[in-house]
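For reference, the chain that follows is the form predicted on its own, supplied as structure tokens.
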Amino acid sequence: MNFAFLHKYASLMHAYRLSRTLTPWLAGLTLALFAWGLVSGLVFAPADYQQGESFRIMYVHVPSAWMSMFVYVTMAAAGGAALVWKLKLAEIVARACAPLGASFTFLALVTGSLWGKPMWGTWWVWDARLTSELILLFLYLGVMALHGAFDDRRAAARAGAVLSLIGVVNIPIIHFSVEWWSTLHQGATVTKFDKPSIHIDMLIPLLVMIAAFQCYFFWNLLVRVRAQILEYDRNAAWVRELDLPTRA
């Protein structure tokens, strides 16, 4: 099968123009979803009958934990596409994902620790899910280190892609750890759509916050991708044309 069309539609010029079009819309949607989710979750959602008001950290912890895994899969998929089809755009996307994913993972670990202290009586336990989430942070940092360890961007992208693909095995471990091992971490709540273990008044703000984090990721991804495209393709004629109005 001929995959030449991938190179046509994944050209850096087309990606840059698409990013400029989508970024303002994603920014507006992100801000609207955050406003809705935070007000609903922090103000209108009822207090939990066991945890009281402390449960409200869930509206940051759960979305950040979800995004830590989502971004990693996105990064690994982009890295795989770069390895197979030699797509420059895929390399750029994988590189742009790494610091964003590391930030979400760090936020998940910090908020999990803050939530765990009143619930478990300790800031940290070597729980299966917490440990595998910490490993995820190290994987992100490893990918970022590889991206910065080579002068050749293509070689750096290949090395980062290999590590990210190997690390994908950690994603199902994080997700299913509460089912495979005895763990302090609570089991699935949101994904039990047949009978969620969370009241609807708490669930809706949580889903809104997950959508807000998702939009925030794509918004920042496009911004980072656009900046890296300009750096990567800075000698191209179409990039020089973008500067013409500022030099006039």
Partner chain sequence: MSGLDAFLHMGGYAVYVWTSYGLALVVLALNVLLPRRAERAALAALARRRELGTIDDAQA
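Note that the structure is a prediction, hence the values are computed from the model and not measured. Numbering follows the first chain given and starts at 1.
The following text describes the form predicted together with its partner chain, which does not appear among the structures shown.
Looking at its partner chain in the model of the complex, residues 43, 111 and 117 each place a heavy atom within 4.5 Å of it.
Taking non-hydrogen atoms only, residue 14 never approaches its partner chain to within 4.5 angstroms in the model of the complex.
Using a 4.5 angstroms threshold between heavy atoms, residue 235 counts as touching its partner chain in the model of the complex. In the model of the complex, its partner chain sits within 4.5 Å of a heavy atom of residue 34. At a distance threshold of 4.5 angstroms between non-hydrogen atoms, residue 57 is in contact with its partner chain in the model of the complex.
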